[in-house]
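Only one chain is shown below, in structure tokens, and it's the form predicted on its own.
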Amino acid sequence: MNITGSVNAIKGGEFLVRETEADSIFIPEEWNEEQLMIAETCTNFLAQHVTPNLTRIDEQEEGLMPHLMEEAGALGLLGISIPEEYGGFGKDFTTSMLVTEKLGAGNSFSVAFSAHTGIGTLPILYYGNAEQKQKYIPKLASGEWKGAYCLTEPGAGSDANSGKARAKLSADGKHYLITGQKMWITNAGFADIFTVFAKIDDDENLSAFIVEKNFEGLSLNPEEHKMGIKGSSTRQVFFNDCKVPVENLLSERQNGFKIAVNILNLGRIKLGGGTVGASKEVITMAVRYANEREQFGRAISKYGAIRHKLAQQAIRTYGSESAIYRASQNMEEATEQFVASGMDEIKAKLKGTEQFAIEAALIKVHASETLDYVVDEGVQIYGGMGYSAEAPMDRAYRDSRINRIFEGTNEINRMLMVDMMLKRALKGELDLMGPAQAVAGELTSIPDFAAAEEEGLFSKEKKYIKGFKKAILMVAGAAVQKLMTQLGKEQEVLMCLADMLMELYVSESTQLRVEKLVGMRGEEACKEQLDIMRVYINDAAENILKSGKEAINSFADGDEKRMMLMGLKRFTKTEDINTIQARRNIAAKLITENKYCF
């Protein structure tokens, strides 16, 4: 099995069949002075304008959210990645991810911000013509105009291309007349610009249109009452022969579905960044409460059960963060390569993002489920106060839940990541067959127990990660061979494979981050990070084993099944470590620092 590195930049999905060098990834400990200043601006903005007003925001006080968006625009936060020619700062993707992460702690504000800067702005920036971009992007970058995105319909959610909204050309040929209904539209109550998806006549695929709020035929339902993110404006939008100038067709006819897919790829990894920011904030609140709250004469942070929760919150958050910035840098590097080859910069950004769509889907799932875990344990650490609306965990818990539905449900994203991986293999873009056959051959060979093992601080973890890759290749290869065209209908098997991929990618990202960090700071300064890495990989081995067994048991039998289960056990075998002590070490650091500090 050849999973050695190459001088060529890694492509999306190749993490399964290639090794990555620690020096080649970006880690959050490498932020430069300018980026740290931008991060501080975001933190200060939340502290001064958002956190003191969370109740007013949740009550949707008239004009408050638009005002906050305008204040963020005045600081340049809405235009971080917008080119300078359109009034933005033109910063790279990792910097824009940093802003998303920091503002992710802003509850409903972070939803409005992310919708505006992502799906509300990027379709026009990436697919608009020169006139459209010049007209709309500067005002979106400044916050003078706010953006929204109209894709979902009552009968078209995950299956977005099945939407019923229709557009027809007016008799004089000057307007498209859009008729239809959109729902769950974020920012709809105060948006000035809507990117609307509809099919022209009887087209097979969607087209996209730029619709201004004052166009004739557009109307809104009242605000939806939601479980969480109550301060986020969410309305149904109705189009009744809405008159849209023909020059407001975005991109080409029937290109709307492609626009939607590519923008969602960006939205998925950005959602991951936002949820990491929220996770860090919740952990900080939980640590501080645990240090202040006393029971039986001691702060509850001194009890092992609480320390376990704090440590596990931090471990999972650190893993998500490691994966996010690894993939963000990969996207940035892919974009630079496409530009260097002569591609237009905007097209290169789209292509770079599309290249890592597998990682984006994976990160969306992992980070959103990490936040759900973090807020759930946050409520538990607060105890009875956690259930009170007077304490912050109530809002954090409710606001978190939407993230497993936003940007494609986690179930859809799990199936997407496997589907994309297999399709790339079928197209010859990703060599999975060779490595999978090598692993299949290894199953029937006698393990070389006498082989000398590498020695080094990370040698064991690297060996484990190689084993994880073999386990996935074995199960995926057998599933494809056994189920063939039926695999797409075996959703439970696909989700098992997705969970295995996710644990592999986050394990490897965490290991690479800690290895690079040790190289920068030395082993002694990274003791807790080493503990985080070891516990995460230990837990990942158990999770990969469980998911692999479920998949194998569903499609294999007899000797084939026994051999695969033996191989799975071999590929996920790790040495026992004292995870209790490791978690105590991690928690002790959090408790001493009185905040999330990794």
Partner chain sequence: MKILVCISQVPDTTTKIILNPNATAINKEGTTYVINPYDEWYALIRAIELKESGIATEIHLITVGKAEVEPIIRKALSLGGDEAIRIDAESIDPYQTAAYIADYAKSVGYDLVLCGKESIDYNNGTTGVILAEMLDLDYIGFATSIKIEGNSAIVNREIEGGEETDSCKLPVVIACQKGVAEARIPNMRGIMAARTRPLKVVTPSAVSPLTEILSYELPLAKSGVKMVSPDNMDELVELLHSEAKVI
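As the structure is a prediction and not an experimental result, all values here were calculated from the model. Residue numbers count along the first chain shown, from 1.
The form predicted together with the partner chain exists for this protein as well; it is not shown, and the discussion that follows is about that form.
**Student:** Sort through Asn543, Gln60, Ser554, Thr41 and report the residue having a heavy atom within 4.5 Å of the partner chain in the model of the complex.
**Tutor:** It is Thr41 that has a heavy atom within 4.5 Å of the partner.
**Student:** Only one of Ile229, Ala115, Met415, Ile80 gets a heavy atom within 4.5 Å of the partner chain in the model of the complex. Which one?
**Tutor:** Among Ile229, Ala115, Met415, Ile80, a heavy atom within 4.5 Å of the partner chain in the model of the complex occurs only for Ile80.
**Student:** Using a 4.5 Å heavy atom cut-off, indicate which stretch of 30-38, 533-541, 60-68, 559-567 touches the partner chain in the model of the complex.
**Tutor:** Result of the contact check: 30-38.
**Student:** Within a 4.5 Å heavy atom cut-off, is Phe45 in contact with the partner chain in the model of the complex?
**Tutor:** Phe45: yes, in contact with the partner chain in the model of the complex.
**Student:** Could you confirm whether Leu75 comes within 4.5 Å of the partner chain in the model of the complex, counting heavy atoms only?
**Tutor:** Leu75 belongs to the contact set for the partner chain.
**Student:** Tell me, yes or no, whether Lys347 is in contact with the partner chain in the model of the complex, where a contact means a heavy atom of each within 4.5 Å.
**Tutor:** Output for Lys347 is no: heavy atoms all beyond 4.5 Å of the partner chain.
**Student:** Taking any heavy atom pair closer than or equal to 4.5 Å as contact, tell me whether Lys91 reaches the partner chain in the model of the complex.
**Tutor:** Yes.
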